[in-house]
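Take a look at this single chain, the form predicted alone, given in structure tokens.
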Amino acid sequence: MRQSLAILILLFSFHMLLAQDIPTYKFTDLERKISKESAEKTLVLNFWATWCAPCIKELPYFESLHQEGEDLDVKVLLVSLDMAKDKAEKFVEKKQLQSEVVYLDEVDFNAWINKISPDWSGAIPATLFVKPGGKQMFYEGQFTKEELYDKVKSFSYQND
């Protein structure tokens, strides 16, 4: 009996070591991160949730963009809007997402959505592009891979 309990504890501990810990942000933390991360390269923030089918469908495109980020001078940040952080963590672990993921712990969406973009209805998926210098472009809706790459390239090469 003791051996079985010890094995279960060991397996649980090993599982906990492998679980991806997603940092929890308040909106003010996210604003600071946007400012810091967009200082030297274009930042692509994708707002998503595990319950959003269009979000899940386009996540591989953001992962691909993340993989090619150095060549395109782009950083991808995935912002989870799930109601429970552990759902997002399990999803990230299961899908082995390599992009940086943060969990936005803000229940009053109306308090911060307009700060991302006054054009945002609140629907997801939604994506914010931020260039060094602060210029922004917002897109609400699902991307195909080609649309995402076209947006990144056209935004990156726009004159400020």
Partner chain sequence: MKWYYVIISVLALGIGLSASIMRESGYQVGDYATDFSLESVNGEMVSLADYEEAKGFIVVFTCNTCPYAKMYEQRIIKLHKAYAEQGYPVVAINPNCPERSPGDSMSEMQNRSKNKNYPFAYLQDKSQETSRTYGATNTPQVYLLNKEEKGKLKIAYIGTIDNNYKDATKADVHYVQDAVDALIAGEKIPQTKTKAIGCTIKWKMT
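Since we're looking at a predicted model, the values are computed, not measured. Positions refer to the first chain, counted from 1.
Missing here is the form predicted in complex with the partner chain; even so, the following discussion is about that form.
Just to be sure I understand the contacts: of Y61, F129, W112, F91, which is the one whose heavy atoms reach within 4.5 angstroms of the partner chain in the model of the complex? After the contact test, the surviving option is W112.
Could you tell me which one of D29, E106, E70, E40 places a heavy atom within 4.5 Å of the partner chain in the model of the complex? Spelling it out, the residue with a heavy atom inside the cut-off is E106.
Worksheet entry | Heavy atom of P118 within 4.5 Å of the partner chain in the model of the complex | P118: contacts the partner chain in the model of the complex.
* Taking the shortest heavy atom distance, is V101 within 4.5 Å of the partner chain in the model of the complex? -> It does not: once the partner chain is placed as it appears in the model of the complex, V101 has no heavy atom within 4.5 Å of it.
### Message
When the contact criterion is heavy atoms within 4.5 Å, does G122 count as touching the partner chain in the model of the complex?
### Response
Taking the distances in the model of the complex, the answer for G122 is yes, it comes within 4.5 Å of the partner chain.
| message | Just checking whether L81 would be counted as a contact of the partner chain in the model of the complex - the rule being heavy atoms within 4.5 angstroms. | response | Yes, L81 sits close enough to the partner chain in the model of the complex that at least one of its heavy atoms falls within 4.5 Å.
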